[in-house]
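Each of two forms of one protein chain follows alone as structure tokens, named structure 1 and structure 2.
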Structure 1
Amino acid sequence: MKMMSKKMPVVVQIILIALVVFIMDFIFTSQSNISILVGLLFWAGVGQGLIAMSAAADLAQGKWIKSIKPYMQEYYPLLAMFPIIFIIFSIHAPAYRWSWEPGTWLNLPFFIIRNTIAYLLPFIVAHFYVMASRKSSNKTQLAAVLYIVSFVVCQSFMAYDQVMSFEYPWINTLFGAFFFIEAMYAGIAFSIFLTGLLSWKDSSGFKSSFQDFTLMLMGFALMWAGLFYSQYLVIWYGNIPEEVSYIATRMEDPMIEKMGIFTLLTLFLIPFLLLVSRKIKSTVPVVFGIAFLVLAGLVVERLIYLIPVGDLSVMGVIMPLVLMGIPFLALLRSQYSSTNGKN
């Protein structure tokens, strides 16, 4: 297996992508102030979620993931990209309304420092976890626990600090959990592509892993729906109508309402209903399509969060989203090319 293309090491890819993202952000800054955050929230979820799935499997001593786990762990260097992208995004931190009247917690210097550290932490801990896992060290489980803690902390900061605080003082105590569960959901969806492609070359080594991830995709569709519903349940039985304002603001916009329906379809109804069928679960192209819809639904959901609170432009959203995905797709292609077929 190769870490990346020999022609362009991962560090060079990250630096080049960060540079291009910065230039694109500068070009579109007159039309958009927070577009870059859409790509950051999405790809950080995918990358961190991939490693979180591997760490969770190590903690559970799961043997089902043994063949694919080394491939999943190869993505951990890409986590270094996200603190750099966040620093670029922090140029637009004055878009947060609380920055006009800063307080002890919500002030720009502290906001930038703590969130940069939050993005760095999973990358640093992932390095030690992956090294321990590859050596089958007796410290693997400890490192896996530490990674999952750093993953939950980072995703929670993304939810509470980078998204929720746009509408301060609105609060939702389940928002952090929603984010890190969605990150694992995204990691599973990406793993579908990874295992599916590898199974085409080596069905004996990866077919069972593909089937397992397909089942997990269906399971996380149910989990996502449960968390989605539980937020409304808490508002109702806790009698906290102040939390409704966030949803009401978005449902008043017909376009966002349609986007919300798309999210519900792609993150719950379509994956769950289609994957009930055994035939569909074993049909790789169809499962690819379902996984793609899940990832698309997560992107649209992040747009729902940000459209009412900031200036977004189509190109300002698409370009960083595509650029941050390049190293993931490059590594995926490299892994597929380097796998020896055994069909």
Structure 2
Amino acid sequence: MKMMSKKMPVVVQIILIALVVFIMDFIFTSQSNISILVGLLFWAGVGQGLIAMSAAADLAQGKWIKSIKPYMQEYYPLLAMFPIIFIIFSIHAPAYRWSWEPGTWLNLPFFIIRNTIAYLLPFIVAHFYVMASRKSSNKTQLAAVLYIVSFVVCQSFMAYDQVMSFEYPWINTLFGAFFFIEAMYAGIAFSIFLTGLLSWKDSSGFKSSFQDFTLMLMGFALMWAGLFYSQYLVIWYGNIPEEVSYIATRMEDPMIEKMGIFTLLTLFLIPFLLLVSRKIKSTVPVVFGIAFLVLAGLVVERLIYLIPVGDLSVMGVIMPLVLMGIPFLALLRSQYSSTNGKN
């Protein structure tokens, strides 16, 4: 992994991973199998969320993130991976039931074009934003705003178009906002690893950022719970059969029910309750564990969305999830190795 990140340019890494994902997808899954979407939704959330956090900090002129921001911005080239993976996923697009009776909005060619553009957009804007930010140009703030807009657009497409449309005509107006908040949550969880590892080597620059990220993690746990409850309560209380069926289908399946409890624990209760303690907030290994649980919870939540609506296979889910994670972990490792210890 270390060798990969040091010697191989990101473009080559991405092409290689896309190729392996494509081959694995071809070997392990059928056309109706949508497993690859789990990894795509998850890692696109992490990558875009990382840059979104950096852009939000630039807009708010947040000083607490200053030391870690350049490291977060190094992940932006990886966003180029997602339009390619989405094109691979489009092989499975006939799994959407609406594709059998295409309409003006929901038809396969248009669906593939608009979503590819949606994935491409944050990458292109992130490039200009990161360049401006590195030069401390006076256009940084404008570029940050544009990145946030492209991020919101892309995450909304992921939510409404790629996930919600599996159950057309079921709608949930909060789904898009829920997705981009979750992406930022994932970005924060990943930043915890980044900041924590760097603070081990150089405690002077990163320790306070680490503590601020743990606070952000706690805040987002609460926000996640608020947004989750806002959806659940309105649908459940409204009690309209065609709406409630979405929740009922998932609650009737014992396995999905357990997965639901897992997400509630990992995305809200565990991070919120544990991070109340000041001692835990500054204990790096425990916070690492919490951040890992948050990321695991987000993967499981994506499974909850997709299990009732399409074919999924264990290998089909795990392989792309691991493969797409490799460049992230490789970069994390190279950042850790290249930081000079000041302790």
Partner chain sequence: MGEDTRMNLEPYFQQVETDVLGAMSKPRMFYWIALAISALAFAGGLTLWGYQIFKGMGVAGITHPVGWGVYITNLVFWVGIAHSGTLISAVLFLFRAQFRSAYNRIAEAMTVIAVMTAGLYPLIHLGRVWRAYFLFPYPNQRLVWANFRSPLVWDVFAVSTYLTISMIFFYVGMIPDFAAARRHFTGIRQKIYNGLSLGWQGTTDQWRHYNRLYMFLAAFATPLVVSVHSVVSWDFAMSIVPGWHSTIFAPYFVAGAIFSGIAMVITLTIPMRKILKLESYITVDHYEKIAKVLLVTAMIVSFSYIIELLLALYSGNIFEISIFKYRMLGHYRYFYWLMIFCNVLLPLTLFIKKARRNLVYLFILSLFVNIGMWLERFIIIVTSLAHEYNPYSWGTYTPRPVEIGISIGSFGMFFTFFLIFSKTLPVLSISEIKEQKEHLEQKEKGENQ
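Owing to the predicted nature of the structure, the values given are computational and were not obtained by experimental measurement. Numbering runs along the sequence of structure 1, starting at 1. In this text, the rigid core denotes the largest set of C-alpha atoms whose superposition between the two forms falls within 1.5 Å.
The form predicted together with the partner chain is structure 2, not structure 1. For Y232, the Cα coordinates differ by 2 angstroms or more between structure 1 and structure 2 after the core has been superposed.
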